[in-house]
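Just one chain follows, in the form predicted alone, and it is written as structure tokens.
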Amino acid sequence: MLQQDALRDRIVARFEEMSPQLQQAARYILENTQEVALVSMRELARNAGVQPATMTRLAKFLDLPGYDDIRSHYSDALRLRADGFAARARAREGQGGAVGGGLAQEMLQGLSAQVARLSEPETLAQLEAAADLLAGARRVYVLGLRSCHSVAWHFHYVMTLLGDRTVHLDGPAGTGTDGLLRAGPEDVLLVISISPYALHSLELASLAREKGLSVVAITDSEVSPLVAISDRVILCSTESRTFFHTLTPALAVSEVLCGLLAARDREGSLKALQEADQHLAALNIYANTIPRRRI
């Protein structure tokens, strides 16, 4: 994510004024800035699922002479980066794309870079602000559907070891929404959703906002529909070297938030963890050897 980017700020500020086709093109540009700098307008439009003319109309909408001004902007920004993305992209083109062990290496290097970017000052400030809001809540409602379910569940599971302040909105038989029945202004909703955004997640987040809850969102873009209704937003990259998006950065954010919350109440966290250890030991939950069969 480019910092202090005037064009990005302009796209985000005017996103709601755009037609659906312009929004689709703008979202793709925001989420694939390196690609904007490296490929032709036709290829970018094809990847974004729009007509090439849409890219030109987007430039005009943003008060630019033409699409080349968008590409030049991101080309200049890419040349200023010290991490060599352009060189690696050209190398991959020449090699025809990595396969096998090469792909595994590319994926792991990409994930490492994405997680490392979470330690930038802006994101660290977002994490601390989100942790402050969550720490002050009477109860934290946790929501993540479809692929984001794993992130929401992990946060809720870790927090149950620290106490009973979280409610996972994932009830059986379609009763997940019932969890918000007694929620109010003293509570916070932590919602995780990335493109394509699960409709029910957006509906529940909107309902929580109407009930007066504060909202913390872990999402993937400044133009995510969650941004407008959230008090705190933590942005995570989802780009992947393969056809599916990655949730590794979002899971890292979840773990960091758990750590920050535990650190804000060290004494209470230690007591809760000791109680959890005793409970699990009494139930003989874990083992270090293969048990004998009890036939």
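Bear in mind the structure is a predicted one, so any value in this text is a computation, not a measurement. Rigid core: the largest C-alpha set superposing within 1.5 Å between the two forms. Note that residue numbering follows the sequence shown and begins at 1.
Absent from the display: the form predicted together with the DNA. The rest refers to it.
message: When the DNA is placed as it is in the predicted complex, are Arg42, Arg46 and Lys60 each within 4.5 Å of it, taking any non-hydrogen atom of the residue?
response: Each of the three qualifies.
field: Candidate stretches 33-41, 246-254, 261-269, 230-238 - the one whose heavy atoms come within 4.5 Å of the DNA in the predicted complex
entry: Residues of 33-41 come within 4.5 Å of the partner.
query: Taking 4.5 angstroms as the cut-off for heavy atoms, does Arg71 touch the DNA in the predicted complex?
result: Flag for Arg71 set to yes.
- request: Evaluate Gln51 for contact with the DNA in the predicted complex, applying a 4.5 angstroms cut-off between non-hydrogen atoms, and reply yes or no.
  value: Answer yes; at least one heavy atom of Gln51 falls within 4.5 Å of the DNA in the predicted complex.
task: Report whether the minimum heavy atom distance between Gln274 and the DNA in the predicted complex is within 4.5 Å.
output: Although the DNA is absent here, Gln274 would stay clear of it in the predicted complex, with no heavy atoms inside 4.5 Å.
message: Using a 4.5 angstroms cut-off on non-hydrogen atoms, would Ser19 count as touching the DNA in the predicted complex?
response: Yes, contact at 4.5 Å.
field: Members of 196-213 lying within 4.5 angstroms of the DNA, judged by heavy atom, in the predicted complex
entry: Residues within 4.5 Å: none.
message: Rigid core aligned, does the Cα position of Lys271 differ by 2 Å or more between this form and the one not shown?
response: No, shifts by less than 2 Å.
- prompt: Relative to the superposed rigid core, does the CA atom of Val50 travel 2 Å or more between this form and the one not shown?
  reply: Result for Val50: yes, a 2 Å-plus shift.
message: With a threshold of 2 Å on the C-alpha, tell me if Val36 counts as moved between this form and the one not shown once the core is superposed.
response: Yes, the C-alpha moves 2 Å or more.
task: Looking in the predicted complex, decide if the C-alpha atoms of Asn47 and Ala116 are closer or farther than in the form shown; they differ by 3 Å or more.
output: Closer, not farther.
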